[in-house]
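Just the one chain here, laid out as structure tokens, in the form predicted alone.
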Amino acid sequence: MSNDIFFLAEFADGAPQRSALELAAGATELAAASGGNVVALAYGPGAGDGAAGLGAHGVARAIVLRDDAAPAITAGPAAVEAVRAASPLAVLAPATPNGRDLAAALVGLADLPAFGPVRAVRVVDGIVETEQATLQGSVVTTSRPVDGAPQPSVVLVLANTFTPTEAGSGTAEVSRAEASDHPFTLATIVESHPADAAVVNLEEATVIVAGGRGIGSAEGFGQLDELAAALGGAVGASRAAADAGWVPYQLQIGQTGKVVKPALYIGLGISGAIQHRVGMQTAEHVIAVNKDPDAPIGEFADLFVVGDLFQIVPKLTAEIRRRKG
């Protein structure tokens, strides 16, 4: 057994995804507490060429599971072998579709304890400890492995739990996992459809304009699109708006949607119930517009405007455009 911290690092076009950089930062924090090294399990197109660059983000070693566009689950057997050989303290996995697949493979094939999705993880007295929101975000549960549990713990980490650090200097030592003939490696992609750019960038946006039930229709989101464009941000939505079919579910923010951490979050026609709040409560600044003066979002918004959003938003958009010249 070791005190190393492993994490899953997804690549695309030779570059690490934001989830990989977030987990590199988190793994670095945990390794400082555990006294171990940071090791990346890299996969995805270009991982072989880009893995060494993770050294600039605190990674000591990178093990390339595979570097093609095959489904992430095909890297599962290689990940299991790498983890068994090193027996690290923890393996961090992003709560993304690919991250969930690989985390499930690790847990199922290696019979490891799992936690998540979590909003915080730390090392206390050499033991991994996690925090997870339960009961629709109203309760925070702290968990740790029971005595005698196998090592490592697999921890599924929500987006924006850690903040990527600025790239420094350094190069990670790179090795390649051995090929496997496990049935998982035979999985193929039958069909794929690229997501809209706005959907892809929602979790990385520094400005988000989100709409809820108060928007009233799919057409109403047109004004949000214009405001977001003027601010250089992205459009999000509450579950009520997604359930109504006004926007794709990929734009949903909240307990059953995405977790975001923008510098500015503008909530329009959103009540701010706890289910939505848990998805955006770490925003640096929150502005809300709602007709209801008693809307819960007013309790935690930095600026709460009681009024008709369809009168306010067009004027706000026009003023921003005017000031930008």
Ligand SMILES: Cc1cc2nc3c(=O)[nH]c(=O)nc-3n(C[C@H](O)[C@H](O)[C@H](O)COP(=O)(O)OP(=O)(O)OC[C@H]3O[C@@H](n4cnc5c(N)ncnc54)[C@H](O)[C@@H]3O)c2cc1C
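Given the structure is predicted, the values throughout are model-derived calculations rather than measurements. Numbers follow the displayed sequence, beginning with 1. Under this definition, the rigid core comprises the largest set of C-alpha atoms superposing within 1.5 Å between the forms.
FYI, the form predicted together with the named molecule isn't displayed, but the following is about it.
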(message) Can you pick out, from Pro88, Gly76, Pro94, Gly254, the residue that has a heavy atom within 4.5 Å of the named molecule in the predicted complex?
(response) Gly254
(request) Would you mind picking the one in Ser34, Thr28, Ser271, Gln281 that has a heavy atom within 4.5 Å of the named molecule in the predicted complex? (result) Ser271
(message) Please pick out the stretch from 235-243, 120-128, 168-176, 100-108 that is in contact with the named molecule in the predicted complex, where contact means heavy atoms within 4.5 Å.
(response) 235-243
(message) Is it the case that His182, even though its partner is missing from this view, gets within 4.5 Å of the named molecule in the predicted complex, heavy atoms only?
(response) no
(message) in the predicted complex, does Pro164 come within 4.5 Å of the named molecule, counting heavy atoms only?
(response) no
(request) Mark Lys291 yes when one of its heavy atoms lies within 4.5 Å of a heavy atom of the named molecule in the predicted complex, and no otherwise. (result) yes
(request) Indicate whether Pro145 is a 4.5 Å heavy atom neighbour of the named molecule in the predicted complex. (result) no
(message) With the named molecule taken in the predicted complex, which residues across 305-319 come within 4.5 angstroms through any non-hydrogen atom?
(response) Gly307, Asp308, Leu309, Phe310
(message) Could you check, with the core superposed, whether the Cα atom of Phe115 shifts 2 Å or more between the shown form and the other one?
(response) no
(message) So, superposing on the core, is the move of Ser175 at the CA at least 2 angstroms between the shown form and the other one?
(response) no
(message) I want to check Gln223: does it shift between the shown form and the other one by 2 Å or more at the Cα, with the core superposed?
(response) yes
